[in-house]
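To begin, one chain is listed below as structure tokens, in the form predicted alone.
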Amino acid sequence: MDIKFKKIRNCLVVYPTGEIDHHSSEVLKKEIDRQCESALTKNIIVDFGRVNFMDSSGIGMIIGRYKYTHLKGGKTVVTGVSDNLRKIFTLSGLGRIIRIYPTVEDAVENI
């Protein structure tokens, strides 16, 4: 898994690539937390545009980031969700607590 980060306004935008499974979700979680602390951001946008697979570990990672930002008065949202990942969000109930935007720009404007 490759991960890129970008700070836009008060948001940390996360661009993971590949699969989010047990191993990569731990790496992703730690790296997002580290980047949030160093960038002093309270909002996280995860762009799933280049993610082709996510299992329950990825769901847990997203819920953990939601709790992290909620405690700081911020939000965690996602963008670029494919039809397959949207099914995972819907079936897991994640779609009820995590807002899904079509693009990063839409997410930044609405946070």
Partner chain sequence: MIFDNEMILRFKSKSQNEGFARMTAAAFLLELDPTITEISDIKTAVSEAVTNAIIHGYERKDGMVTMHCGYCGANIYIEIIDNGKGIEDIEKAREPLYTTKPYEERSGLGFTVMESFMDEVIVESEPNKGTKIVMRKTLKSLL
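As the structure is a computational prediction, the values presented were derived from the model and not from experiment. Residue numbers count along the first chain shown, from 1.
The discussion below concerns the form predicted in complex with its partner chain, not included here.
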Partner proximity in the model of the complex: Gly49 to its partner chain, non-hydrogen atom cutoff 4.5 Å: no
Against its partner chain in the model of the complex, would Met54 count as a contact residue? Criterion: heavy atoms within 4.5 Å. yes
Lys29 versus its partner chain, in the model of the complex: is there a non-hydrogen atom within 4.5 Å? yes
Interface membership of Lys42, its partner chain in the model of the complex, 4.5 Å heavy atom rule: no
Would you say all of Gly80, Pro102 and Glu109 touch its partner chain in the model of the complex, counting a heavy atom within 4.5 Å as a touch? no
From first to last in sequence, which residues of 16-45 have any non-hydrogen atom within 4.5 angstroms of its partner chain in the model of the complex? Glu19, Asp21, His22, His23, Glu26, Lys29
